[in-house]
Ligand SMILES: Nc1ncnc2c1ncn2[C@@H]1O[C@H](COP(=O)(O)OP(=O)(O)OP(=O)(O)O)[C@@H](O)[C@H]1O
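What follows is one chain in structure tokens, specifically the form predicted on its own.
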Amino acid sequence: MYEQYWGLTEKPFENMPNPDFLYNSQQHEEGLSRLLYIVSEGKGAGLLTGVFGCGKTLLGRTLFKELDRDIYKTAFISNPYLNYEELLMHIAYNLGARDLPRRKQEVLMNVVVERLSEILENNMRDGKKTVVVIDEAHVITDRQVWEELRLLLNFQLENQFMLTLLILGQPELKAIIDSNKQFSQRIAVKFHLGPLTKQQTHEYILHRLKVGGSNKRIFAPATFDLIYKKSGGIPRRINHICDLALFAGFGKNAPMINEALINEVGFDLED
């Protein structure tokens, strides 16, 4: 709606995990590097935690975009609020299984596990690596689900895992993992994403505007610190404030986004 007014080719602050808009802060670059290391080296399992809206899902999606589809077979589970039968079925289906039972009363877990085993063996025989990402994993409270995820790592040869499992979630996920010692010991790499700094917030906004097609100054210099204060450096909050400010500025025929507009749209995000 406001793109043409501000000289943009697309909306730069949509809260969608679009890898094209990834801002490579030092911590996001390190987080992605660790995920790539876990996958490329077949380390078995990795853990990425961070506050809500800090970019965990975006990193996961960026990782998937960078993986060579001729080498990697992947499954991205974005809603793990399932029982263990449903979760394993979902993983198997995303990895290519198509002859699974459709009704819950027909589900035999040994059949699902056999299908998963066949897929992993076939992938390895074909020289392919299997990667499973569980996003929003902090919502998993059923210990049986965690046990089934741990057992996935039992699919291995003498010297390598047959799949890599990446677990993403909010900070409380670490305590959940740590309380399950057997699972925690299988996690090869752990990394935590925090908020952006004030300087990074400034750079983040300019980066997304540039990707969105901007070739002129849209935000007044004084607005960057104000946006940082109201957002706490959380990318999802930054996006929310900036998107609403662009919309409000468009509606007011504003020549530039100033502090008044930021205060108008960001009042409800103040601590």
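We number the residues from 1 along the sequence you see. Here the structure is a predicted model, which means the values were calculated and not measured.
From this point on, the text means the form predicted together with the ligand, which you will not see here.
- Not one of Gly44, Ile134 and Thr164 is positioned with any heavy atom within 4.5 Å of the ligand in the predicted bound form.
- At a distance threshold of 4.5 angstroms between non-hydrogen atoms, Ser214 is out of contact with the ligand in the predicted bound form.
- Put simply, Asn15 is close to the ligand in the predicted bound form: some heavy atom of it is within 4.5 Å.
- Under a 4.5 angstroms non-hydrogen atom cutoff, the ligand in the predicted bound form has Cys54 among its neighbouring residues.
- The closest heavy atom approach of Asn123 to the ligand in the predicted bound form falls outside 4.5 Å.
- Residues within 4.5 angstroms of the ligand in the predicted bound form, judged by any non-hydrogen atom, belong to 235-243 and to none of the other stretches in 63-71, 35-43, 235-243, 221-229.
- Contacts between 155-176 and the ligand, taken as any heavy atom within 4.5 Å in the predicted bound form, involve only Gln170.
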